[in-house]
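Subsequent text provides structure tokens for two forms of one protein chain, presented individually as structure 1 and structure 2.
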Structure 1
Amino acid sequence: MNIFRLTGDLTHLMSIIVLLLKIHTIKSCAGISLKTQELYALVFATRYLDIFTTYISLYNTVMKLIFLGTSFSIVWYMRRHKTVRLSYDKNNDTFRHYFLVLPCFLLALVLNNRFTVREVLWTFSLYLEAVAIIPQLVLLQRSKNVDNLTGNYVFFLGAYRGFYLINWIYRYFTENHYRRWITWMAGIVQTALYVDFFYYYFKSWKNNEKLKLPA
């Protein structure tokens, strides 16, 4: 654990808090992609299979439980809550997210550290997380204006991965034999997807304007 890893975890947690704040306070999921939330739920479900069999630390276990619980609860709210689900923009959230699942799984079968069920699923979760934000970004591009809470949610989600990249660089130079090629590859792809969003996010913040992404 280092300050960059901790900051990454906290910004990831902040993204979820912002999203839950929107859902609970204004009873709305407008601008949020259900497809992306379902992909994240699958990411955490396949990544944390060891939650009840391998103990690393109290911090690690608590964070796993938080990410698992919140991801599935968000999907439930968007699908089942009598008020929240009415604000879901299904007409614009049309990206075929299931087309992302199979390629990521096939890639995990080919590129992994060990060919075991748990390792393949863990690797699959890395690949899927790298592209899970795509439906959300597509939805934002189709929206004329992005509200502040939605914009902040995506910003914190991107910042989390950015801090993890810094964490990997720090560990590479401070730890002997630290190599995580698969993790690094997936993380770089994921971060690259946010570059365009960050540009328009900071541009709207600087000009005090509503966030808009080019169609």
Structure 2
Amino acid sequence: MNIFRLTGDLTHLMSIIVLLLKIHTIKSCAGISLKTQELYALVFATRYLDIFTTYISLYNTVMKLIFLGTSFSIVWYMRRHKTVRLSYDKNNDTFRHYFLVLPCFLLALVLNNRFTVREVLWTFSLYLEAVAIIPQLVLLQRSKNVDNLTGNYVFFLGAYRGFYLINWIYRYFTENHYRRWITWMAGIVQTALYVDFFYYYFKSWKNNEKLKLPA
């Protein structure tokens, strides 16, 4: 475990905390894409299939349980909670799941390290995580003003990606570890998706303005 990986995990955790804060205290999920949240729940469900069979560390197990539990509870809140679901911006959150899920699954069937159920699903989760933010970014573009918590939520998610990529580069040079090029590609695509958002995030921060993404 290096500092980049740990910082990445913590910013990932922060993004979830920010989102839960919004849902629990303000009882609002305005500006949050249910599509993206459902995709993340699917990402964690397919990636952590080995959670009870392969033990890595207590840290890993606990974090996996947190990511699984929070992602499914967020989906539950947005769909079922009597107040929270009313704030869901359904009309603007129109991106279709299967445009992302289907290509990712087909790609995982073709490009994987081993053709086994678990390996294919693990690869699928990587591909899907890379693009799962897209419905959220589309929704941000359609929103007139992005509130602080939503902006910070996406910021922390992007930061998590950035730190993970640095961690990969670090591990590449310091450990006897390598990754398949498909893993690198998925990781780079995922991080690159945030570049545009970061530009406008810092711009609004610098100018002390409300965050707004050009359509």
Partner chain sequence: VEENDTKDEL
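Given the structure is predicted, the values throughout are model-derived calculations rather than measurements. Here, rigid core means the biggest group of C-alpha atoms that superpose within 1.5 Å across both forms. Numbering for residues begins at 1 and runs along the sequence of structure 1.
The second of the two standalone chains is derived from the form predicted in complex with the partner chain. With a cut-off of 2 Å and the rigid core superposed, Tyr59 has a Cα displacement that falls short of the cut-off between structure 1 and structure 2. Superposition of the core reveals a Cα shift of less than 2 Å for Lys27 between structure 1 and structure 2.
Comparison between structure 1 and structure 2 places the CA of Asn176 2.8 angstrom away from its other position, after core fitting.
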